[in-house]
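Okay, so here's just one chain, in structure tokens, the form predicted alone.
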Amino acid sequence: MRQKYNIMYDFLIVGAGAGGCSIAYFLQKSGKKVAIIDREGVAGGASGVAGAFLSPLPGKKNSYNSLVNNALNFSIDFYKKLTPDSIIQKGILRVPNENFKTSKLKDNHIMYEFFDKKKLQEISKSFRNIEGYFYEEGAMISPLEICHKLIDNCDFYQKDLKELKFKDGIYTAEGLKAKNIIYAVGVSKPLIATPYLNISPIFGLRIDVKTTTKVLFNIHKSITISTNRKDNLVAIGATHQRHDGAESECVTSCANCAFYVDNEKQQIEILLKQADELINLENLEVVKIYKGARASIKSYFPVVGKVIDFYKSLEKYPSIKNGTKIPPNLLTYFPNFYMMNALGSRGFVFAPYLAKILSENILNQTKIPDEISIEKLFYKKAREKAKK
């Protein structure tokens, strides 16, 4: 990756996680000059510590699991073409839990094979007394390899961006100049006011372990256990707590976050206990611990699009607060400022799919689906404000 100053970029992408690197890829492929800036480095935040499991979402068909499964199919194919050696597709076994009971897993719109206890014991004596539903689409990737590959032909700058300036159609930041900004920073503090986007961190923990047990496919219950990777390690991960409520942001690194510092040992013990309820991992040794906060909103839907200036739009059209339907093209937007955020715990499932949608919106004015649009959140927040 090159580093060049005194160059005019078409796009400056803030955030070098799954989302930022993916949109950088599609824009660069279209012939645009692209730079990425991130204070932690490439995949230095939540994306780099993710288990990066690519899993289908079962259940009766609805708008959310349709989005997830469409994104999954697109992204698996995308990763295979991008760098085949960075993806391991051996399927995933979903074991019923409180959120996905047997009835929900059976009444399913996607293909699966039921593995009863006898079948699993025939596959491997290491399985505990469990049964589950097997999906061939399940896979996992190497986050760092993927993110670096995505931005091979872009310029990267490791800097902590504190301020953006806009003048005469040009953004300046940390000595860089760009015509457009794409913000993909997860739970970090936004550089512009977006009161309709209340991000909640979902705290996650992953451990890599050595084991002599051969794990033939990924396993998911309330945690996920990976198949053996190329380095023969097995990843065990979970998202632990979601903090809804007031808008929250990361102000320190995960290594220094009180949530992890105060609870790390206990969380690891819980992970290992839950893993042992699924499979016997013999000669187990914890090799490395990863911590990261994923960005999510209450609905769990990700958000992409051009960023609306909330206050100027309401000042221009105050009747929006009373339910008047003002067309999106009449709203006031921050100039040439776009966002991809709230990918949650499915960052590497969503990222290429959403990046494709956003790039086509920017380059060809293709409409963004309503369920992931910023406009949907804007209208909802404006009407909530009127009720208070």
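What you see is a predicted model, and the numbers here were worked out from it, not measured in a lab. Each residue number is its position in the shown sequence, starting from 1.
Beyond what is shown, the protein has a form predicted in complex with a small molecule; the following relates to that form.
So in the model of the complex, is the small molecule close enough to I372 to count as touching (4.5 Å, heavy atoms)?
Flag for I372 set to no.
Applying a 4.5 Å heavy atom distance criterion, does A238 contact the small molecule in the model of the complex?
Flag for A238 set to yes.
Would L161 show up as a contact with the small molecule in the model of the complex if we use heavy atoms at 4.5 Å?
L161 belongs to the contact set for the small molecule.
A52: heavy atom within 4.5 Å of the small molecule in the model of the complex?
A52: contacts the small molecule in the model of the complex.
With the partner absent here, would I37, L205 and R346 each sit within 4.5 Å of the small molecule in the model of the complex, counting heavy atoms only?
Yes, the whole candidate spot contacts the small molecule.
Sort through P328, P56, G59, G44 and report the residue having a heavy atom within 4.5 Å of the small molecule in the model of the complex.
Looking at P328, P56, G59, G44 one by one, just G44 meets the 4.5 Å heavy-atom criterion.
Tell me, out of A275, V185, I146, L93, which residue has a non-hydrogen atom within 4.5 angstroms of the small molecule in the model of the complex.
Flagged contact: V185.
Specify the contacting stretch among 23 to 31, 357 to 365, 336 to 344, 62 to 70, defined as having any heavy atom within 4.5 Å of the small molecule in the model of the complex.
Of the options, only 336 to 344 has residues within 4.5 Å of the partner.
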